[in-house]
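A single chain comes next, written as structure tokens; it is the form predicted alone.
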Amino acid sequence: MKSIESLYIGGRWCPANSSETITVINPATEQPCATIPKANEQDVIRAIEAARAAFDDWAASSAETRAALMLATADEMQARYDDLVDAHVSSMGCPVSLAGYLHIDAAIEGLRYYAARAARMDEISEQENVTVIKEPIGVCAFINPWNYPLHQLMGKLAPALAAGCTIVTKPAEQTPLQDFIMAEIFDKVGLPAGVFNLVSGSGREIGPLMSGHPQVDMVSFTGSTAAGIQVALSAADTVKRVCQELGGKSPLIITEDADLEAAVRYGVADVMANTGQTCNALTRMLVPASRYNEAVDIAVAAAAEQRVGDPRDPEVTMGPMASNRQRETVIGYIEQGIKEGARLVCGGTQAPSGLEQGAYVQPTIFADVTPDMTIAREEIFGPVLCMISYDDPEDAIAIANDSIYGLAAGVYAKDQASAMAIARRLKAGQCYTQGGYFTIKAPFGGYKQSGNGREWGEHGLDEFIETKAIIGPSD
């Protein structure tokens, strides 16, 4: 078992003020895999003060300097690729066959992507007597999730570094290991002291301290909508910028003239990836009534192809949930679906055969789901697909938009033009058409209670920029 004894604050490793620790549990074995320090209020204040002290120099550094350090970091991440993979396998149970693709590759690519955009901070717009310049927003607090811990960290960290911001970050206590590796990497490449600071601890305890501190200029949070509301409340007194990526209950509309086999298989694979622990997963599959039974049969066959088991087995495609607590949540939703009358066509509440130990859930599909059922309205965050029939395209669009969430959506139609016409009418921050997938080049974020602000793409950098207008005398 790995024992991590220090936080990373002000460019050095230092013990936490408290002697308390947090035990990280491997969800596949239910055994401890690491211990980490449990930071307290004094540690958070030290980290924020270190970030504040480093800000002026880092903000004034050249784009070339920032880009060079970011590229060196990306190179070192590549050198420690196996360590980053192991962190995800150990702490969240992601299959070793998928961890690199799902969690590491885009994080490395993202650093390089934003290193190439650091020069945007030097752009000046002039029109008559008005000069508009860009400045970094300041000290940023990042509160990160357990489901894509490195990927989501980098969606905040890379643009913040490019902009010239300094950072205090807190990983989820369930999956903190990759953040400590990143601290080691930043230390090795020579990132200036105080630009990156890492505190680990209880989100309930130190999250409000980070988001509410008057010396923090911006807070970026990824997690549940309920927790996001609390972050926003904590930040409100100091009127700081808040960027939130929250819950989702995303629809996939399959049209009557779509390639049904391809569309359904795409939808099932999307929901089962990362054991269903994906905020933008297309968990509501909307199928025309005329093709519904056929679609259910295809979905069941596709789900049966998932191989659930030990995440260190290279043949496994689905590991455990990230924790037993999340497993219990998902099982509760499956029970609720059965209670409300949905038809369970595969999976269920029992552990997969031979996997009685570990936080495992079977790939589960419900048919005959109606839009008013709990499982069709609330985010389950597990490998559970709800299949809903619709009468005509207008009905499908209405069902898709009837949600408090609006993070993502999907459309599979006869062709791209047909899919695009529907996608334009869906109330979601991202829409995947004809089997499209996430890319770091596209802004990511939601409508309604799925959050505010955007990560990734050109818009991801904008979240960390203050726009200043300098107005001279009129001619």
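None of the values given here were measured: they were computed from a predicted structure. The first residue of the shown sequence is 1; numbering continues from there.
Below, we turn to the form predicted together with a small molecule, even though it does not appear here.
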- Query: Check 147, 203 and 279: does every one of them have a heavy atom within 4.5 Å of the small molecule in the predicted complex?
  - Reply: yes
- Task: Tell me, yes or no, whether residue 93 is in contact with the small molecule in the predicted complex, where a contact means a heavy atom of each within 4.5 Å.
- Result: no
- Message: Using a 4.5 angstroms cut-off on non-hydrogen atoms, would residue 221 count as touching the small molecule in the predicted complex?
- Response: yes
- Does the small molecule come within 4.5 Å of any heavy atom of residue 270 in the predicted complex? no
- Determine whether any heavy atom of residue 248 comes within 4.5 Å of a heavy atom of the small molecule in the predicted complex, and answer yes or no. yes
- Which of 106 to 114, 382 to 390, 252 to 260, 164 to 172 sits within 4.5 Å of the small molecule in the predicted complex, heavy atom basis: 164 to 172
- Of the options 358, 207, 194, 309, which one has a non-hydrogen atom that comes within 4.5 Å of the small molecule in the predicted complex? 207
- Message: Quick check on this chain: which one of 283, 403, 362, 152 has a heavy atom within 4.5 Å of the small molecule in the predicted complex?
- Response: 152
